[in-house]
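A single chain comes next, written as structure tokens; it is the form predicted alone.
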């Protein structure tokens, strides 16, 4: 924070106040969103203190505390300022329409909200839903989809076990979260329309203090350092000097490969970063170009 121009006593007071502030983050009480959130914070070096039946867990080495809530309560809690930020499924943000800001996509708990109908029914298109009864826990998103396709249907709101509705005659179709699709198959349903895709996102209250905003920026910096390293490998190899240009063309790295001469004349060590998805293809090219002693190491963090 920049307090240039302020009297020294005022600057010291503001610094002290900021140091006393804590950022409160709301996460899901249990489930995949909880596990992904806690894991991401641990990887960012933020260690939580867990107690029995606690609703709040403070961090012991970072000015942050975790508030555990139901997933669908998090957008409102952040909007009203009871929590400063939250990790929640994007589907809940879209459904609740609370005045919160999505500040970061976190890349886990990916799913989609889809319409599904009984397997034996032939599906001609969105107009099939005209006049039908649809069971869902997400009436807001479903209403938006129906309006977009100019379809009028009866929405039956259910909290939990939406997928059994057609089988017991409660509804003609369902609108629900789909991950693998196995639950639909079990209930003899088929996915016919995807309304929105979703993943875990970080949301913020729109009126954070300067101190809490500074803490949030540090938190995001740490999280991004962890995320950049996902799917990346650090590679070291030995190469003849006359092959370095060719080998370097396969290894762009973050900017360019690092090349260091070896004790043996005519040879150098080349260091770079590669994407795990391209790993075996790149290794084949490197060996063909004359690379030897290839060593591959996992990366924990990448800081720019």
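What you are looking at is a predicted structure, and each value in this text was computed from that prediction instead of being measured. Residue numbers count along the first chain shown, from 1.
If you look for the form predicted together with adenosine-5'-triphosphate (ATP), you will not find it shown, but the lines that follow are about it.
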* Is residue 92 close to adenosine-5'-triphosphate (ATP) in the model of the complex, meaning a heavy atom pair under 4.5 Å apart or at it? -> yes
* Using 4.5 Å between non-hydrogen atoms, is residue 216 touching adenosine-5'-triphosphate (ATP) in the model of the complex? -> no
* Examine residue 175 and determine whether its closest non-hydrogen atom to adenosine-5'-triphosphate (ATP) in the model of the complex is within 4.5 angstroms. => no
* Asked: Quick one: does residue 261 come within 4.5 Å of adenosine-5'-triphosphate (ATP) in the model of the complex, counting heavy atoms only?
  -> no
* With the partner left out here, if you bring back adenosine-5'-triphosphate (ATP) in the model of the complex, are 28, 33 and 110 all within 4.5 Å of it by some heavy atom? -> yes
* Structure fact -> Checked 198, 187, 76, 225 for heavy atoms within 4.5 Å of adenosine-5'-triphosphate (ATP) in the model of the complex; positive is 198
* Structure fact -> Checking 193, 163, 71, 144 against adenosine-5'-triphosphate (ATP) in the model of the complex, the residue with a non-hydrogen atom inside 4.5 angstroms turns out to be 71
* Structure fact -> Counting only non-hydrogen atoms, the one stretch of 84-92, 124-132, 230-238, 146-154 within 4.5 angstroms of adenosine-5'-triphosphate (ATP) in the model of the complex is 84-92
